[in-house]
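Given next are two forms of a protein chain, the same chain in both, each as structure tokens and marked structure 1 or structure 2.
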Structure 1
């Protein structure tokens, strides 16, 4: 019986195969993608143009001016090119070297500052009893002014304050939290973490909203412990959120501790709590050395850039390994 709907070549060849009559898939013409109009192609650039111009005018241009100003002199040499003299003076200043050492301490403590809100967000996401109350309580310190936080902890951490009184009742000798050079920086960093981790907690909770709950249910069915769930399920799925929190927390620790330092220690004792931002303020506001302050600002920017890129690279590798 003849094939009515067969290809002409099939009908002509009798019992020939249809795949020989049709061209191979590679030779078939695929439909060309429909290109949008010129207006549609330009629309994304038009939308980001105002933000790009604002960043260029208010961020990048002043940054370049500051870098250029750091190669000029102060005082009698104001406005004259001095090369790298400001940078030589910076790295020869014991206070600035102490500030750089404290930056290294902050980098080492950064995982702890990120892990605390991450763990608390995990507990809240798993709906521990009272999780709604904890969410509000943990975020509350983030709305307080650093001056208020510093004043509160000055009272709590005073040598004759309530914390040392509680330690004395427990048989522990009192600690000079803000007067001991070996302890003061840890105390200030601890207060800063307590005052700011609420914002990171909110970011982690937003990341948990994108997590597939079926993965957690499967892990529970398999009998995985909480630590295994965190390490093998939560962390790999929240890699980008962790990257964001790492970078923003680092920026906050390097650029947002001035209020606490000013109220709690004023850079003391013996300059042990100096950070680059406090050093910049001293040189600019008290010593009237804006060029040297610009050099310190440039060094701080480079440190933040390098540390941020290293953190993102390490976290991306960890995410690929998992």
Structure 2
């Protein structure tokens, strides 16, 4: 064990026997030069400097530039300060308000997006017939890119597509899944959930692995129904897993819907499926309004900051409970 011998101090507190081999603490500290203590004091700063500088130069500085840029004008007013004009325009734009409203809708739909993988993971854990097959089948969509998923569902959900054909055979009148403003957002979110729940399912299954099966057996012996088992045993024991899935699903919904929206609806119909990201992209790329897009980015950043802080609090609290 040459390594361990080279750093005896690491093990110092561990075993009483090794204490004899070491000089007393005071003696150990005294021969160290004063310079060394300063080096030691500076060492952490030096060590985090690369990370800190990278964050500062490549994250925070551009962020400041972007925020600053959002207070300048577009087009003819390029480079001149315009105060909060961009923000006023932004909140006066019904399209941006729709986009913000859709963020709220996503938050409201979050429980559904978490419940689906949770429920399916429960079934797999309870070994319903064919659970091995389902485990891989459920995960499969998670490996597809949003563009491919979007293209597949564009075909399936087309007005003259197979889903509507099946509905009409069942005597239900066809639904314009991606052309009806009241339906389109739900259709896209549904597809997003379908495409991403595999990952959450895996996390749930990992959570189940830590579940004490004796508790389940005890509940069964007591004659508890499936619903009661889920409510009184599984959910309380998986609180941390559920919270974690909530946080990651939220992040996924707020940050990675762009590809699907782009392919499936292009923000339409009637602008009903706009999200802030898509709005930013349209303003910057199509409308040539980079400063307005900056303002929208700043608003999105603030929203994400608030959501992020809430999530950190949530996770910390969950950690403390444990």
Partner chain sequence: MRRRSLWSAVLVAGLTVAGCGSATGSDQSSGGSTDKLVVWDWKSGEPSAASYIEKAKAGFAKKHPHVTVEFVAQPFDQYYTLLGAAIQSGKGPDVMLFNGGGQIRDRVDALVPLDEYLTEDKQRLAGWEAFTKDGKTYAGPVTLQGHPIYYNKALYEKAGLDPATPATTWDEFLADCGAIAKAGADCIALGNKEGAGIQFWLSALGSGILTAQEYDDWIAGKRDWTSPHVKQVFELWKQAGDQGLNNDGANSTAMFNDSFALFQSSKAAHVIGLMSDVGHWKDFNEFVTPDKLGVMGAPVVTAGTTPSLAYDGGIGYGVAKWTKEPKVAADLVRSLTSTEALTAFYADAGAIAADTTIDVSQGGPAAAAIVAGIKTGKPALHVALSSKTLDLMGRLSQQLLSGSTTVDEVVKQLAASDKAA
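All figures in this text were calculated on a predicted structure; none of them were measured in a lab. We call the rigid core the largest set of C-alpha positions that still match within 1.5 Å between the two forms. Positions refer to the first chain, counted from 1.
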Only one is the form predicted in complex with its partner chain; which? 2
Rigid core fitted, is the C-alpha displacement of residue 284 between the two structures 2 Å or more? yes
CA of residue 85, rigid core aligned, shift of 2 Å or more between the two structures: yes
Smaller rigid segment rotation relative to the larger between the two structures [°]: 14
Determine, in Å, the CA shift of residue 47 between the two structures after the rigid core is used for superposition. 10.3
